[in-house]
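Given next, in structure tokens, is a single chain: the form predicted on its own.
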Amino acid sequence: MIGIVGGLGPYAGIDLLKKVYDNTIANSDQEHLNTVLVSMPSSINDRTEFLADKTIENPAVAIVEVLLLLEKIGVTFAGIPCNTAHSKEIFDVILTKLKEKKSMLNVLNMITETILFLNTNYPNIVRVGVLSTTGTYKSGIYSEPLKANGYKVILPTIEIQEELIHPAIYDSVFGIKTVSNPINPKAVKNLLQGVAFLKKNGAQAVILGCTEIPLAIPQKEIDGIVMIDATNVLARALINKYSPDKLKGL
């Protein structure tokens, strides 16, 4: 089975599950892939908060518990729909703890898969913008591997990041984590301002590097700029690993 670690935020897990179905070749209920979503938000600490001061328990601990539960149910390939959870401080601990438990679970790396998708499907793109949480922004979760793969990385200024992008995700009144369905128009406006800034500074594509952002920006392209939905990339990668003959074309 395909497994999904939910609860990071909860709608991101649902979105990944939906995108697994959306990208699967199936003509009946029975032709869809077996999937399991386990959402335990109350036990998984906030990833950005952990990266900011590391005074709370590493979210990796609770994520591993969910992954082991998924494996016990029968999952062979799993995805974690949270970009910030792929920081070295969290993801490396996840892999270490799984190894200690002698787990055979194959956990896909969302960041690696996104850069591979970009390289494979958009070989002419060299200037890539990233919208994300401040945790991802400051940790270089996308910036470092993108640069290592030869891309020029374009980010919002720290002022735009802290005044527009991060609040669009976390604000207690209009942020996507607070108001997920429907998305508050102010959150959308903030994010589109971020896209406009990245375009103005030369971005040919923008990675939507927080799993809440595609909920607000579902478009594949905005003003000639390609939107790379990391959640959709992860969904396609899970299908390709588990049952490649079931993966729809782009």
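Everything numeric in this text was worked out from a predicted model, so none of it was measured. Each residue number is its position in the shown sequence, starting from 1.
If you look for the form predicted in complex with another copy of the chain, you will not find it shown, but the lines that follow are about it.
- Each of I14, S39 and I73 is positioned with at least one heavy atom within 4.5 Å of another copy of the chain in the predicted bound form.
- Considering another copy of the chain in the predicted bound form, the lone stretch of 221-229, 202-210, 187-195, 45-53 in range is 45-53 [heavy atom distance within 4.5 Å].
- Shown alone here, N121 lies farther than 4.5 Å from another copy of the chain in the predicted bound form, counting heavy atoms only.
- At the 4.5 Å threshold, heavy atoms of T35 reach another copy of the chain in the predicted bound form.
- In the predicted bound form, T178 approaches another copy of the chain with a heavy atom inside 4.5 Å.
- Within this chain, L247 is remote from the site of another copy of the chain in the predicted bound form, having no heavy atom within 4.5 Å.
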